[in-house]
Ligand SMILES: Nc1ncnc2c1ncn2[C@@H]1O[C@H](COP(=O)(O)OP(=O)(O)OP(=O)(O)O)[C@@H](O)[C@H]1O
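Only one chain is given next, in structure tokens, and it is the form predicted alone.
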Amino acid sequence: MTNNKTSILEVKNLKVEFKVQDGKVKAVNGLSFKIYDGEIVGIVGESGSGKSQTMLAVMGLLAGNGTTSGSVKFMGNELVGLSSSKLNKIRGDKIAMVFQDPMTSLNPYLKISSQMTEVLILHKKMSYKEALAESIKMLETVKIPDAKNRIHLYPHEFSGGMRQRVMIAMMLLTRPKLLIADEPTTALDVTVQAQILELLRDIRQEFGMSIIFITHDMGVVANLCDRVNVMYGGGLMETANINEIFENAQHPYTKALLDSIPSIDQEVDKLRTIPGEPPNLLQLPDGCPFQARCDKVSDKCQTDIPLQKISNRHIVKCTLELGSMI
């Protein structure tokens, strides 16, 4: 997506820490990025790279032992430090989040009708009759058959893929400007996964919203996203549009992720992996968090890592001489 679009989310120097018995877990470390109006951005990286905690910090949904510092501006308004009551007016209304397992978000004791209409009654002040009609319409939008009758079922009466569609429909009720999807297809089979991805593309087109898609699957990113943020050790390693990431990846970690994807046109005896383990977030090294696993490591990697601009939409955080310094 072009950078002349309006940014609806601007994150600057975001830090997320969790106080535990052994010290402080530094889950996110000085992260900065922008999300532009109408684009789909993938956030990729191994488990523990800080993807989900970044978005939970944006939503103000961190665990009780977590703290946030830095700046998160949504449509020009600062979210960090905002009271719960003010955040509640934004969450579920202007920003919505879909999680990996819809059964952790849907109440198993309430019918879908009760859970969906509550959103509209709370945020849009609709009557129950109006809210029910709008909820049925939204279930039809996400292609749930016989929505008029199925809205009165309980969550366990839906398949996993249909429950995820219900969650997406529920998030769309208020027409949010930003939808955050946290690995919403991981637990689904390949066919259903493809259907959900197609649904998200259609939703972006129909509602004109921006979507942040959190995943560890580069294949999903290739099929859905306009731009990619690659995270590791709580920091942003590389960001570029989708074509440039796959054709001209620059950061050693991004290259390692791409090399680990099996090819459909080449026979291999052994799948490639990234040697070593992700860093201990209680004891992060100085400089680049990937240095212990990087085959291009040098003494420079233990210092402050510069940002390099490869092109207008391609930025890399690395000591290798790649492009112009920002």
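These numbers were taken from a predicted model, which means no experiment stands behind them. From 1 onward, residues are counted along the sequence shown.
From this point on, the text means the form predicted together with this ligand, which you will not see here.
Only one of the listed residues (H216, K73, H152, K86) places a non-hydrogen atom within 4.5 angstroms of this ligand in the predicted complex, and that residue is H216.
Comment: this ligand is not present in this chain, but in the predicted complex one of V58, L281, L257, C288 has a heavy atom within 4.5 Å of it, namely L281. Within 4.5 Å of this ligand in the predicted complex, a heavy atom is found for all three of F18, Q53 and E183. Contact annotation for L9: none of its heavy atoms lies within 4.5 Å of this ligand in the predicted complex.
Remark: G38 does not count among the residues lining this ligand in the predicted complex, judged by a heavy atom distance of 4.5 Å or less. When contacts are judged by a 4.5 Å heavy atom cut-off, I305 does not count as touching this ligand in the predicted complex. Using a 4.5 Å cutoff between non-hydrogen atoms, S69 does not count as a contact of this ligand in the predicted complex. Counting a residue when any of its non-hydrogen atoms is within 4.5 Å of this ligand in the predicted complex, the hits in 37-68 run E46, S47, G48, S49, G50, K51, S52, Q53, A63, N65.
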